[in-house]
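Form predicted on its own, single chain, as structure tokens, below.
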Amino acid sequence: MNGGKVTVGRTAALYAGAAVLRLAIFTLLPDLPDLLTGRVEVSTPVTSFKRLQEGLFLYNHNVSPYDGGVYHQAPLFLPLFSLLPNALSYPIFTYLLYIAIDLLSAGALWKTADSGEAGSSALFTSPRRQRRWNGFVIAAIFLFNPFTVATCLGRSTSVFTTCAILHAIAKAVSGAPFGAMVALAFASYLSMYPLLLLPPLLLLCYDRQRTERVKKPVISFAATHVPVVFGVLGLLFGMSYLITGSWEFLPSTYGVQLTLSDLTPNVGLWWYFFIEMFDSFRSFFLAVFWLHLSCYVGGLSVRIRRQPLVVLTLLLGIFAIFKPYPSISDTSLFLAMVPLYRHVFPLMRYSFVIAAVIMYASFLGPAFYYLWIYAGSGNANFFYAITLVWGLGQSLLVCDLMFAVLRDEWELERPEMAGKEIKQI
């Protein structure tokens, strides 16, 4: 079940197959990328390629890209994409960039899988750890996941955040805490919410320190490495200021996520709620929603302290459900991490229900959006109802994975209970 022996040829074939698949779709279906770019399931106000193109047009004409309130993405995207030929005239260069980012993400995920951290951490070793997939299988699942492919085709800038998060985790499990902190700083700069991953990532870095180093207390370790994250963030903000000539990017990029000023529909739970919200209650419920999103960090980090990689995986699933502007890219990142826990799959209880609900929502979501926006035979309730089902499917997966991991720990502590049914009293 580990995918067999991995050779250089098999690795090259995997990466080449993933790249050729994406290039073939880009070439044979030239209208599909633009169609996906406009889909609310793929693009959000803070990751849309169309909005990036508008910001890039303003930037190239010496106008602030944040004028007009359309562009809500990091300023460093502007010089990066301005180096590429025009995406309308020569789209192949943009396609190659996004394909390369997907392959880099798969490489980082491969390293994480081969580290064995999911089954055997510094403080916990699962008795089922031998039942796992190797990095080749994990990378293949990620690269050929339809959600990953659709995100690449839609050219959402969330792929850069995904790549940075996966590299932060890969650096952490390889015993390179400085690199992990730098990668997390880049992810936080691009999307803000990855900063909430800092506590479990610090614990993972602490546990995976190289054995030749003398371990410091965890507080001293955190005091040494947390400033790296904020130092790199400060450097990135300074570079952004030099690019734009003002601090206008802060409220336009991060303020829009904190205040939800753009209520464009998406697959999340916030937009409809705040459309119906009275202005006098808006600030209170914004605080409640952000508190709800962030409160999982401390609880999971303490309860599953022995397995910080599990905490990171669960938090990625929670963010895919409850962050202000989620998309299928967030779900693809979470689904990429789940196969690392192949050893606890037999302990999961609702695998069929979860798969059925996610597939149900995946097919009906676009249909309900069409009925609302184009056919005019439905209303916003149609689409929001299916996003609730989408969130339910992911919530079930998060809860079931957490149950399986805790059951695995519990059976190691109490071997006599292995295989026995659990009943709620």
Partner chain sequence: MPPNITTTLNTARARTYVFRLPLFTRVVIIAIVGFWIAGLQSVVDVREWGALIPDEMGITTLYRMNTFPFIHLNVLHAVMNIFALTPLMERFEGEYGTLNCLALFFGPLTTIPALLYVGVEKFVFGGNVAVMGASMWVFLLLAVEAIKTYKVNPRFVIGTYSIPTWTTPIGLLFAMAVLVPSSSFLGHAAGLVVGYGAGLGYVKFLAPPEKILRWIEGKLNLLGRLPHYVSIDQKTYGRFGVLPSANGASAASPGVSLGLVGSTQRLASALALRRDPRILKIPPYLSLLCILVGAVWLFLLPLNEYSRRTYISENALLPGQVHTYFGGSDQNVFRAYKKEVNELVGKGNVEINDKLESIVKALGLKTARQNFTYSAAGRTFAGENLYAILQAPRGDATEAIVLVAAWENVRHEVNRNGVPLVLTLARYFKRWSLWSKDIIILLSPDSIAGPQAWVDAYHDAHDSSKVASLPIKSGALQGAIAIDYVQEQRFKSVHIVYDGVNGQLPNLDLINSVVNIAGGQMGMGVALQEMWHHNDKYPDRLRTMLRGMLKQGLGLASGPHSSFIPYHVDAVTLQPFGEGWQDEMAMGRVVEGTFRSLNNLLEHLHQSFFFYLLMHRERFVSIGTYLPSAMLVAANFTIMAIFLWMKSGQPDAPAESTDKTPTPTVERDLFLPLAVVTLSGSLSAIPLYIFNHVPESALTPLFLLFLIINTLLPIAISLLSTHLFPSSPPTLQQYHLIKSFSLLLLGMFLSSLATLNFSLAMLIGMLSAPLSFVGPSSSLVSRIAGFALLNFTSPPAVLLASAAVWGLNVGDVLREAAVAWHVTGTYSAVVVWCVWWPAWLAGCVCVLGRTEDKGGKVKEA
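Residue numbers count along the first chain shown, from 1. Please read these numbers as outputs of a predicted model, since none were measured by experiment.
Unshown form predicted together with its partner chain; subsequent notes refer to it.
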Scan Phe230, Tyr350, Tyr241, Phe124 and let me know which has any heavy atom within 4.5 Å of its partner chain in the predicted complex. Tyr350
Hey, of 107-115, 219-227, 350-358, 188-196, which bit sits against its partner chain in the predicted complex at 4.5 Å between non-hydrogen atoms? 350-358
With heavy atoms only and a cut-off of 4.5 Å, decide whether Ile422 touches its partner chain in the predicted complex. yes
Although the partner isn't part of this model, could you tell me whether Pro30 comes within 4.5 Å of its partner chain in the predicted complex, counting any heavy atom of the residue? no
Is it the case that Arg129, even though its partner is missing from this view, gets within 4.5 Å of its partner chain in the predicted complex, heavy atoms only? no
Evaluate Lys323 for contact with its partner chain in the predicted complex, applying a 4.5 angstroms cut-off between non-hydrogen atoms, and reply yes or no. no
All of Phe144, Phe178 and Ala180 within 4.5 Å of its partner chain in the predicted complex, heavy atom check: no
Could you list which residues of 318-345 come within 4.5 Å of its partner chain in the predicted complex, counting heavy atoms only? Arg342
